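What follows is a single chain, given as structure tokens, in the form predicted on its own.
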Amino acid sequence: MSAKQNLQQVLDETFQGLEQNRLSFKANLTLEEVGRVSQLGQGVARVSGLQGVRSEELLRFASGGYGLAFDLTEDDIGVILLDAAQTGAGDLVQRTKRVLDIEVTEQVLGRIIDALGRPLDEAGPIEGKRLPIEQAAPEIIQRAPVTEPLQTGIKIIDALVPIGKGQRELILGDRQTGKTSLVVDTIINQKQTGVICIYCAIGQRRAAVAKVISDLQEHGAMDYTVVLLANGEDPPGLIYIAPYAATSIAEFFMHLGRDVLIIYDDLTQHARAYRELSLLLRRPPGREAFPGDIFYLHSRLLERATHLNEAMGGGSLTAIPIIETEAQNLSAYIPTNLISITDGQLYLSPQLFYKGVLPAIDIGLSVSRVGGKAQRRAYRELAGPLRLAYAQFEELEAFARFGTRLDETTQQTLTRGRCIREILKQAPYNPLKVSEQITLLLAVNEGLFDDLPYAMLTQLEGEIRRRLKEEKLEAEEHIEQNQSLTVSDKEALLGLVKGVIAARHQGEGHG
């Protein structure tokens, strides 16, 4: 074979090898839509180049941080930044093609997490399935009536402004009037009831949240509680998504057939964070500089609270949002919005707080639109006369201050009203069982405390509770089983109270 033929053979083999490589070659290429940060602000950014992005899609920045596509225009996208990662103008931005979601699992109980589901308690990672933070509220046909009470352990609420499982009850009042204390007591009272609690701290100081967590741990309530924290130092984007993320965790347990209580503390800070983001993204402001969709912001959140029917598992989600009023102005924009969304409200009065009437709930301005339908029968029998007597007392008390001479009936009304006020007072971290509350309310309705010094009532309450634990009356079982109080039940409970009062008088006589 000549050199020319050898060269030709080598060329042919080479070309055959190249052809086989060409035919077997598969390009491992992925097409990604990439944009750039065109403008950066405090907690927001504008991104250009992402033409196919969807509303509320999660975006990833080259710095490692994340953002939420919020404001879609023809030219660019307004993005809410979700962490404090160092993002700069000109940085690349990638689509994730998924909405913002959060890890949900049974492992989250007893944990402290942020609005993205990241642990803050150094107790290890949380692994589970992921749910979008924004979900449609259950349809009307999937819901059941609110008929089962959620006992708070607070006498004035359980008796006069009852809360049902699946209800939305607003707590509002000025700063430092005991709003958070009410919900902490409610969480503590859910011990051994099977109710899962979620405390969502929105824009709060770290020290204040640390105090709440410490109180829950001290009373053994963290075992069935999740704390989701977006403190005041976090970016406004995290504060904005916090209540939605917490509600997704609550819905996970609700769809498992569990009863869940969620606390939003507080939605005033949430509305302010949303206003800040909207103004930075140049959305048109309306009343008090809030954007026009501020009502939808909270209505789509609170509509997710409900009681599901048996076909859907029978779980419930009870929402207790908290908002802060300024100078007792209940007619301000955010309070009126939330009052119209919720199923009732508990108003905490600064005047009552400064007088030492705690909890400082103003019965005249507080209401539960579910009312007696979500209340045990024993309460319903006592609540009507109790509320009427207390309302009459509040009306007469103003006139009594002028030193006017009063007839005997009016004096009796004032005496009974003051007894009711004293009995309804309650120290923090001291929730009462249903039977204990019913016994005290029955006794005050029957006038057993009318002739006693008010200073003695607190001590009597402690002794009555101790005697109830010792004697275990049959009437207590009837109350727990949601039965009406029989004549013998009332006689047994009143007899116990009379015995305690007699023992106290006898002790004082020997003294």
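Worth saying up front: this structure is predicted, and the values here are computed from it rather than measured. Numbering starts at 1 and runs along the sequence shown.
Form predicted together with ligand ATP: not shown, discussed below.
Chemist: Against ligand ATP in the predicted complex, would Pro359 count as a contact residue? Criterion: heavy atoms within 4.5 Å.
Modeler: Pro359: contacts ligand ATP in the predicted complex.
Chemist: Any chance Thr177 has a heavy atom within 4.5 Å of ligand ATP in the predicted complex?
Modeler: So Thr177 counts as contacting ligand ATP.
Chemist: Do Ser366 and ligand ATP come within 4.5 Å of each other in the predicted complex, heavy atoms counted?
Modeler: Residue-level check for Ser366: no, no contact with ligand ATP.
Chemist: With the partner left out here, check for me: in the predicted complex, does some heavy atom of Pro428 sit within 4.5 Å of ligand ATP?
Modeler: Yes - in the predicted complex, heavy atoms of Pro428 and ligand ATP come within 4.5 Å of each other.
Chemist: Does the trio Ser181, Arg205 and Phe353 actually contact ligand ATP in the predicted complex, every residue with a heavy atom within 4.5 Å?
Modeler: Yes, because Ser181, Arg205 and Phe353 each have a heavy atom that approaches ligand ATP to within 4.5 Å in the predicted complex.
Chemist: Sort through Asp234, Glu324, Asp101, Asp343 and report the residue having a heavy atom within 4.5 Å of ligand ATP in the predicted complex.
Modeler: Exactly one residue meets the criterion: Glu324.
Chemist: Would you mind picking out the stretch of 217-225, 420-428, 434-442, 280-288 that comes within 4.5 angstroms of ligand ATP in the predicted complex, counting non-hydrogen atoms?
Modeler: Partner-contacting stretch among the options: 420-428.
Chemist: Taking only heavy atoms into account, state which residues of 99-130 are within 4.5 Å of ligand ATP in the predicted complex, ordered by sequence.
Modeler: Heavy-atom contacts within 4.5 Å come from no residue here.
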